[in-house]
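Just the one chain here, laid out as structure tokens, in the form predicted alone.
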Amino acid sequence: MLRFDDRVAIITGAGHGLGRSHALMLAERGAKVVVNDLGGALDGTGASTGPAAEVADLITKNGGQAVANADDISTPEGARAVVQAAVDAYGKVDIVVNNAGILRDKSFGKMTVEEFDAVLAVHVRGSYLVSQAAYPLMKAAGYGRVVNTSSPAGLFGNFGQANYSTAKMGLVGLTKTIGIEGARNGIKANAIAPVAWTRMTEALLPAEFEAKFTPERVSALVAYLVHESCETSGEVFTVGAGRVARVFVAEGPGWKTDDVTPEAIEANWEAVMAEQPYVLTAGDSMKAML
């Protein structure tokens, strides 16, 4: 069994759904968990200490160790407070699972700036702030694991979710950069794009999905990615209903000429659109241009 004895994990948005499942699974396997949840509605309004406290209490009743935290991770002060809660209770931070998020769905033409900014504030800025607050502790220890929560909506787009899909794709870039910068200090970062039956998705998914797309089937991947045995970093994985798959950004072979014009591009558009053989890194892309 992959265990987390003596590991300390911060999990945001852990009062419900996926975050709750992550917290319970890691705690069951020996992790000390900071259960963070603002306790608001799906659109981010309101606040309550109840959801985080309920999960932390359940963990302790089951023989695990957990503390509840209801700070707002979209603010620098709130993010620092979450990390400080881990340090005060357990002395360190080994794992950060950025799961917190809100929804304010609306078609692109009708979406307000406030609705756009509010979603990015929780998903992207919150993930950045909590990870950055924990980063010095991980760097000093020479060890750390970060999992960010992307989404198929971010990877592939989705109607009515310009704010959400923008945020979720932004987390892919954040994940890859943390993975690159953290490598020399033993810090690994990966992202998941889950499909699960939660309060955030129950109105969107068919009812027959509930039994198959359980949060626990996502948490299994999260548990592996944050375990010390996992050496993978900077990757993105779709996960749901027992299926796990790597998702990667690739660049086709392209078309090149010394005399590039709009007309020449038009004439060679099929070559521009070709997918094989592809390259995977920015370095490979640059080499192909030289």
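Numbers follow the displayed sequence, beginning with 1. Since the model is a prediction, treat every value here as computed from it, not as a measurement.
Quick note: we don't show the form predicted together with a small molecule, though the next part is all about it.
- Heavy atoms within 4.5 Å of the small molecule in the predicted bound form are found in one stretch of 174-182, 118-126, 136-144, 104-112, which is 118-126.
- The small molecule is not shown here, and in the predicted bound form it never comes within 4.5 Å of any heavy atom of residue 214.
- The closest heavy atom approach of residue 201 to the small molecule in the predicted bound form falls within 4.5 Å.
- Of the heavy atoms in residue 18, some are within 4.5 Å of the small molecule in the predicted bound form.
- Looking at residue 42, you'd find a heavy atom of it within 4.5 angstroms of the small molecule in the predicted bound form.
- For the marked spot (64, 94 and 189), a heavy atom within 4.5 Å of the small molecule in the predicted bound form is absent from each of the three residues.
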